[in-house]
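Just one chain follows, in the form predicted on its own, and it is written as structure tokens.
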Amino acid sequence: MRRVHLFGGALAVAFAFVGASANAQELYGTLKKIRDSGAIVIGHNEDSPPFASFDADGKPKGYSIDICNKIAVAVKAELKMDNLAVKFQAVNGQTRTPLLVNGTVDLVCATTTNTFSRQKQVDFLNTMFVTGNRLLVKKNSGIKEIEDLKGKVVSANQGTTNEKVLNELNQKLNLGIKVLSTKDQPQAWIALESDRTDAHMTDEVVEYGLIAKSKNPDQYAVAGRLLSFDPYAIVIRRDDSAFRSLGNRVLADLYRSGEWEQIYSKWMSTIGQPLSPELKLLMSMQNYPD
């Protein structure tokens, strides 16, 4: 009997050890970093309304910010850390990838297009918005389509898909455009406002946001046909399936519950963009079961 008791005790210890090891192994990558540091750091644009900008108190706000705050709440629940700090770090087209890869930020909540080229360095959650490149111009410029930009100066933010599309179309259509690489949207807007550029190329929905925020919105217009397909997604580090699964579950819950439509209306109404049936269908296709 004593031998049986000893065996039973050893077995219990073994199971406890295996269980503890399994629990320790469950946490890795971004979730482990967040638990160990006591904070989740959200990277965001400074001036890309309605996706990410600042409110009157200097706090980040916008469509992307609302979704990432939902992810932060889910992380708190997953780690059972009610006191987890939520911090914000401004990024732009040049800094978002390095700051994510080196661990300064844990996710990037901006207006980033998911591309295969970028997937060589980072990973993406499921799509949170779909837009495409168009032209931002002054109404009195006479510019209607990209072909009207032959020989003119056009800005695009450095390191973005907008810049890549502009360079490709410039070459393909033999337009002779002089491309001005700008740091961010405010710099591009100043260049357009002061007539240093004839047009700015960026995502359609961002252009409506810039116009809505300007001093003289009646002087500007979004022009031309859609020049690309740009699915926006929240950016995370590569090879982190646990954090990706958590983020995608948050997105699916938002689409399933209808809360995503509330977030959309809250922010897109500020730029006069109602929800189209096509975009609603695209988002609903990511309503994966739990």
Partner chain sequence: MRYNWNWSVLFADPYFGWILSGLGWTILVSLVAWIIGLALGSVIGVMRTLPSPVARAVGATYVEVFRNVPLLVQIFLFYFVLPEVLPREMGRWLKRDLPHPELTMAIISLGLYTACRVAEQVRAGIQSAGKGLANAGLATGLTTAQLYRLILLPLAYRLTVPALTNEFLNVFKNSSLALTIGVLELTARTRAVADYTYQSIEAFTAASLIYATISFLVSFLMRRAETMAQLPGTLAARER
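Being a predicted model, the structure only gives us computed values, none of them experimental. Numbering follows the first chain given and starts at 1.
Only in words, not in the display: the form predicted in complex with the partner chain, which the text now covers.
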| query | finding |
| --- | --- |
| Selected contact from Asn170, Gln89, Thr97, Thr127, since only one has a non-hydrogen atom within 4.5 angstroms of the partner chain in the model of the complex | Thr97 |
| Selected contact from Ala191, Ile211, Leu84, Leu175, since only one has a non-hydrogen atom within 4.5 angstroms of the partner chain in the model of the complex | Ala191 |
| Partner proximity in the model of the complex: Asp195 to the partner chain, non-hydrogen atom cutoff 4.5 Å | yes |
| Contact flag, Asp239 vs the partner chain in the model of the complex, heavy atom cut 4.5 Å | yes |
| Ser141 within 4.5 Å of the partner chain in the model of the complex, heavy atoms | no |
| Exercise: Gln121 in contact with the partner chain in the model of the complex, heavy atom 4.5 Å | yes |
| Which of 109 to 117, 129 to 137, 68 to 76, 213 to 221 sits within 4.5 Å of the partner chain in the model of the complex, heavy atom basis | 109 to 117 |
| Non-hydrogen atom within 4.5 Å of the partner chain in the model of the complex for each of Ser228, Gln262 and Ser269 | no |
| In the model of the complex: members of 145 to 173 within 4.5 Å of the partner chain, any heavy atom | Val153, Gln158, Gly159, Thr160, Glu163, Lys164 |
